[in-house]
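The chain below stands alone, shown as structure tokens; this is the form predicted alone.
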């Protein structure tokens, strides 16, 4: 494996193979499997789980990892081309990325969406540019429009819970947040559930539809895997018989890059905070999923997050376990 950028690049059988490897490595550790191997980690956006889970994965397999972040390691990083660097930034991405990659056997890069130009972010332009600078195996640790590491962990979590693929009902719900957030996690989540063969509903208020290209890609995955995809603004109807509700906020694509317009669009939507009444039409064992971090009392009520429905800690641990399989396959191959 030379590139882990999008779960869509892998068949269901290949994903199952990765998750079988993840379970094996978790149950039967191989503490010398990656001895002498180094994973370079470049974080252009903040992180808790992604940073620590990749470090832990490499340590458990006997390898090592180092972390570079502009805020803690270098004096600013410039990404624009064709400019005179007489400002704050002391390093350009065109030198920084290949140098960092040269110190490792593989590299992971995390860079959030710029959230000014929707078409640029949908094309994942910045991450595509990073790919041209790297001649080592590359892991997408979250880009403008994708988060394959989170999607793989979420797939594993639902397998562990016994959530069915065919006939399993997955609700991806928009949730209130005071700020406009990127599209990467909802994009990865809706495609993952469709690729898994589930019946997927995107529940969201007016003005917060996911872009057509994201929905089209997910719909094709559903057709190939025997699932389905639809949208709803009706909370009760969407939650009918649901096995899982996956909550996540995202920007209004009607006001993408327009902070004031987005704020106005979400101002009256504070009731989109997941709480027990949401689950009344769902299955009794319906689970609550979220990628974390999550704002208590804003995105979800404490009694849900701390109650038996929540599997967010299990999801977070599965980040490490699933990523162990990714780096193992990437650096060993067998």
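Keep in mind the model is a prediction, meaning the values are calculated, not measured. Numbering follows the first chain given and starts at 1.
The same protein also has a form predicted together with another copy of the chain, omitted here; what follows describes it.
Chemist: Within 4.5 Å of another copy of the chain in the predicted bound form, heavy atoms considered, which of 286, 294, 274, 269?
Modeler: Looking at 286, 294, 274, 269 one by one, just 294 meets the 4.5 Å heavy-atom criterion.
Chemist: Taking heavy atoms and a 4.5 Å cut-off, does residue 105 contact another copy of the chain in the predicted bound form?
Modeler: Contact with another copy of the chain, yes.
Chemist: Classify residue 36 as contacting or not contacting another copy of the chain in the predicted bound form by the rule of any non-hydrogen atom within 4.5 angstroms, answering yes or no.
Modeler: Residue-level check for residue 36: yes, a contact with another copy of the chain.
Chemist: Contact between residue 308 and another copy of the chain in the predicted bound form at 4.5 Å, heavy atoms?
Modeler: Contact check for residue 308: no, nothing within 4.5 Å of another copy of the chain in the predicted bound form.
Chemist: Considering only heavy atoms, tell me if residue 313 and another copy of the chain come within 4.5 Å of each other in the predicted bound form.
Modeler: Because a heavy atom of residue 313 falls inside 4.5 Å of another copy of the chain in the predicted bound form, the answer is yes.
Chemist: Out of the stretches listed (240 to 248, 197 to 205, 159 to 167, 87 to 95), which one is close to another copy of the chain in the predicted bound form, meaning heavy atoms within 4.5 Å?
Modeler: Contact criterion met by 87 to 95 only.
Chemist: Going through 14 to 32, which residues have a heavy atom within 4.5 Å of another copy of the chain in the predicted bound form? Please give them in sequence order.
Modeler: 31, 32, in sequence order.
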